[in-house]
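Coming up is one lone chain in structure tokens, specifically the form predicted on its own.
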């Protein structure tokens, strides 16, 4: 059986090995992230069958729970670690020739640290180590946003750094208050000790932690950093930030709410905040002429939809939210990588300069269309099942309040379809190319991830049952607070 700790140890060790490898074999450096993420993907997939039977609890440090460093590889953690490794692997392949003009050794070191942080977040069973992995992810993200060294990237990175640091401080303050009150940092132990959020001693740290995590999850009104960061970063990093980083931020909020606090009283509030985030993101995207900025605002909207689904607090709603989390990650990775390919050829991020792109970059143009249609929720793409489950779950509540919220969700979907269809029309049906090409040849290695992502989006969209059972188990793990306590504390 694969030890879940290897999912952290291998990429972390290889990240620090990259500078040494560069000294003796510069050409090998770009293969190290591929090897690390391939290992993580295979190992995570091998863990899933065992995790479906019983979550794998790893105790590190020589002490029993709740005093040890705890990793919990249940259905949710193993699925998300597989997902992170898959996206990381595809983006690493895409980066082979895409990053010709930057020092790749430093880039790949920070890239592996970002993915290690994301993997640690979904596997840890300890709120302090959640903070540690959260910081690893954020600090790596700050540097990668500014990696090209241009003014826009540095400015966006500083904005991200300032807001992210405030969020991290709030998170750490909340963790400190929890430890002072309950004397433990283990999520399972806390689940057994925290009976509710009615008292200020529990409610105040909960608000601080959710606010801190909400910055990374891009929840309104904590998302001001995201449009600049995602539009200024290299497209390969934009794909990871949008497909992985903000997703694990939202996962962290769900884990804290469901598992640690059992805060059912706040889940309705999460649904409302999610709806506001959805509307703000989609309406802001509607007026954009920078294609990467448009995709960034779209990511804000998608995080709002996922938060809305999780906030429904029903089995089907949580399943729909988790399904949408995965479908958004695949679709948005495809969109950013496709756009990166088109920008590489044209030298412009303006939507109006992408007209006729299908003639010079047909695979990337098709990839953009597939990713866009998936996010809108059109069948037979992967984005349809998750959105359908969320809407149906809200309607099945049978309350006028949720029926009104669904109407706003459908309105946001119409807005989303409007701006995506506009871009698709420009790419496929407007002119033959309004801008002279700056580069005649785009990296061939960039086509492999595009094709793989398109196939995954189509195959899972046509046969959602391939992963629905896994996501049902993941949703059950997230909502079964007492089972999590028994699993972790019963292992001592």
Partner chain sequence: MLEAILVVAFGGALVSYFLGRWTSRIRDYFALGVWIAILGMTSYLHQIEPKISTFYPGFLGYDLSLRITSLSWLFAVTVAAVSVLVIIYSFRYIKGHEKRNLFYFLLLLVNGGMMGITLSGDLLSFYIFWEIASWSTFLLISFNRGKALPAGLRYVVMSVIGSAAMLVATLSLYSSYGTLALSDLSTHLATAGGGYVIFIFLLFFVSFGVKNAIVPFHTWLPPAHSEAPAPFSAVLSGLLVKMGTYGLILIFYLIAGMKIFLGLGTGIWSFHYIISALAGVTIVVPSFIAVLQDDAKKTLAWSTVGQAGYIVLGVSFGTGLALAAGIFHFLNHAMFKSLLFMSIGTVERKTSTRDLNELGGLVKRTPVLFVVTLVGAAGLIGIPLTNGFFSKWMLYKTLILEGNPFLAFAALVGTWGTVLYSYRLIHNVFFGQLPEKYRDVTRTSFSTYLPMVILSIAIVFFGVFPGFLLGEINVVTTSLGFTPLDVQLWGISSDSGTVNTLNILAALAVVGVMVWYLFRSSAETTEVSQEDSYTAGAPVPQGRFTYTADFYRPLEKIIRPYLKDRIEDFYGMLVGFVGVLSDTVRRIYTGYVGTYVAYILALLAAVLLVQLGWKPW
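Nothing here was measured: the structure is a model prediction, and the numbers come from that model. Residue numbers count along the first chain shown, from 1.
Missing here is the form predicted together with its partner chain; even so, the following discussion is about that form.
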Next on the checklist: Under a 4.5 angstroms heavy atom criterion, identify the one residue in 204, 272, 132, 152 near its partner chain in the predicted bound form.
Outcome noted: 204
Checklist entry - Here the chain is shown alone; which of 60, 28, 462, 46 has a heavy atom within 4.5 Å of its partner chain in the predicted bound form? => result 462
Next on the checklist: Since the partner isn't included here, can you check whether its partner chain sits close to all of 286, 392 and 418 in the predicted bound form (heavy atom within 4.5 Å for each)?
Outcome noted: yes
Checklist entry - residue 221 near its partner chain in the predicted bound form, any heavy atom under 4.5 Å? => result yes
Item to check | residue 300 within 4.5 Å of its partner chain in the predicted bound form, heavy atoms | outcome: yes
Next on the checklist: With a cut-off of 4.5 Å between heavy atoms, is residue 365 one of the residues that contacts its partner chain in the predicted bound form?
Outcome noted: no
Checklist entry - Is residue 208 a contact residue for its partner chain in the predicted bound form, using a 4.5 Å heavy atom cut-off? => result yes
Checklist outcome for this item: Only one of 254-262, 409-417, 85-93, 119-127 has residues with a heavy atom within 4.5 Å of its partner chain in the predicted bound form, and that stretch is 409-417
Checklist entry - Though the partner is not shown here, which residues of 152-188 have a heavy atom within 4.5 Å of its partner chain in the predicted bound form? => result 159, 162, 163, 166, 170
